[in-house]
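A single chain comes next, written as structure tokens; it is the form predicted on its own.
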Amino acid sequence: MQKIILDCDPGMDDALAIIAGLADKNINILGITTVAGNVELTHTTQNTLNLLKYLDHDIDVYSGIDKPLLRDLNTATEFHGETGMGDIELPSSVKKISNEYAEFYLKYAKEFPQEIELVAVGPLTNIAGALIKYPKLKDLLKGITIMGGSLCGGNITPHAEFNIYVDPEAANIVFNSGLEIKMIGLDATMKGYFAANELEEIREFNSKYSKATMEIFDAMFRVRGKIGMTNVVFHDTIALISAVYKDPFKFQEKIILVETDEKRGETVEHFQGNKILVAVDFNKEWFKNYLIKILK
């Protein structure tokens, strides 16, 4: 069972990843940290707490940083709704949590040296902040898996994927940290798209995980249909499972540089970059069978 700490910005994509991580018996989520990204930090944190309450899971949650290191926050409310969860209303959690997320990383990294994969599926602000505060973290973690970046063009600008674009300075710090990095970007995740009728089998399952997944899946179509989208992509779930499963992915080692100026957020092959393991392809059929298996 792979020990994981999940850093996220729920967002409906992130919520799907949380559900999969809890449903998968090969994943042990030690805790969740929240960051500003898809929506403001107050929403990403409350969405996480509400979802965990809905799923009846008591997991440590820590609130992280509320804006990029050097820039104003760009959100993605057109894709996730004003609160991040579309038109879904989850039961409200009143659980009080700490903002000492970096200390949480360090505590568990010391307890399980070289065993924990940090999976970041939002902007990399929290990770950069923790590495600045506790540089020895990079020697204690097994590695970091990132949902972010692209070699095939962007989804927020022609050049940049959203998570990297939001805080490119933080991404630059992480990519230069010396951590073993897996970049699960649009080259792989865009292969994991589904039309509205493709997951109907899951709707028939009688589990809390399948019910929550399909409620969010349907909400994503309602929200994103307003801007003409006809498919849902499980970006963050695909990144999460790459920390455990290698079969559906094709990886290549690349020298990657994060652009912070004119082409803000672009992840480009460049000799001044750092060695990153990049997912360049993904098997959608494997992923569909995986979802059916864990959600059943």
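Source: prediction; values computed, not measured. From 1 onward, residues are counted along the sequence shown.
The following text describes the form predicted in complex with ligand RIB, which does not appear among the structures shown.
Heavy atoms within 4.5 Å of ligand RIB in the predicted bound form are found in exactly one of 129-137, 105-113, 172-180, 147-155, that being 147-155. Under a 4.5 angstroms non-hydrogen atom cutoff, ligand RIB in the predicted bound form has Asn38 among its neighbouring residues.
Proximity of Glu266 to ligand RIB in the predicted bound form falls outside the 4.5 Å heavy atom cutoff. Within 4.5 Å of any heavy atom of ligand RIB in the predicted bound form lies no heavy atom of Val119. In the predicted bound form, ligand RIB lies within 4.5 angstroms of at least one heavy atom of each of the following residues of 1-28: Asp9, Asp13, Asp14, in sequence order.
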